[in-house]
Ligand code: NQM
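Here we start with a single chain on its own, the form predicted on its own, put down as structure tokens.
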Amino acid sequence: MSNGRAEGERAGQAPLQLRCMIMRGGTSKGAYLMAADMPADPAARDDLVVRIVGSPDPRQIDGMGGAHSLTTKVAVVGPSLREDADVDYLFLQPSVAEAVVSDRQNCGNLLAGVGPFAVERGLVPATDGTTAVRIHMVNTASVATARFEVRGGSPVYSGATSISGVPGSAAPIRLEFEGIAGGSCGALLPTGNAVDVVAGVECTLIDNGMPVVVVRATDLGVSGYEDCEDLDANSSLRSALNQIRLVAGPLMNLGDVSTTTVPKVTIVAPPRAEGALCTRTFIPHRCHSSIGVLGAVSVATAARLADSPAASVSNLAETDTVVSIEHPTGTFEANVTVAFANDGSPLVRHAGIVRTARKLMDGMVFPRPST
């Protein structure tokens, strides 16, 4: 974003405008912006983001936000500064109710749209057939490879792949992750344990792309099969979950998490359908209508740790290569392979998923004027 344009806005001349693509990525939706169009200063960048999405306002009536954290997200994409990646992807999570933006986590759902967006903006040359884009996830300094189809020089969005929580079908986008274990917490298991007692409850504190606290639903006095509305209305449950988060934060090397969106808390129960286990995830205080991509990867990894809360409720066999996770609106499949060192510590060998994405709108966004 040039200084001249910003100064013009303050002087009451032409309103500020910048390129923006609205995309559905997985089960989320957000604004995809070019890094070159954004202020370099984080404070100025965050101020611009809240003006784009229309926060703080529960309806976000004066911005592009969707009045929910899952539909109020921002991806900032540009050429990578790393030799082993094609593009840099910075995920920003604006609050709906406050003028606050977090960069402390990845978003695997919006990640699904980064490769196609990079092709749309000419950041990556694409030839017809399968295109691979290596994406540096700036938030955690890790890399993901996105593979998707290109036809006539443009990403293909239509296809026969369905994912729970999204109507219809679309073209598959295959994501493979590298080095995501411990990206936020410094280690896959930041305490070194598969099971810790946190606020009096057995938990797994894990970070395989997303810091997550995994706890048995029955240990919190619920079945784990309730609707999100019922769980959100359960004040004693929400109080217990918040207490677990506050205690878990320092244990996970995240410090004071009272005002952050991580760690997530996922409560687990035995499967009700064809999955390996059933989940309800809180982000961080409201029950997620499904489960986040990297949160699912972390939970799937936890399910492979013997004696953990997730393993204790799952029907996962040692030979299973895919962990099918049930959530409120369907299932999520994560391909996670874990090996164990001589001392018994777990090592993630592979993590991959399939998502879809779709371009919804491309044009110029006019942020709310600064005050």
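One-based numbering along the sequence shown. Please read these numbers as outputs of a predicted model, since none were measured by experiment.
Not pictured, yet referred to below: the form predicted together with the named molecule.
The closest non-hydrogen atom of G295 lies within 4.5 Å of the named molecule in the model of the complex. In the model of the complex, S314 stays away from the named molecule, with no heavy atom inside 4.5 Å.
In the model of the complex, V299 stays away from the named molecule, with no heavy atom inside 4.5 Å. In the model of the complex, at least one heavy atom of L70 sits within 4.5 Å of the named molecule. Residue-level contacts in the model of the complex: of A118, A181, C107, M252, one residue has a heavy atom within 4.5 Å of the named molecule, and it is C107. Of the residues R245, R216, H288, H136, just one reaches the named molecule in the model of the complex with a heavy atom at 4.5 Å or closer; this is H288. Although the named molecule is omitted here, in the model of the complex all of M210, K264 and I283 have a heavy atom within 4.5 Å of it. Stretch 99 to 107 is the answer when you ask which of 150 to 158, 196 to 204, 226 to 234, 99 to 107 has residues with heavy atoms within 4.5 Å of the named molecule in the model of the complex.
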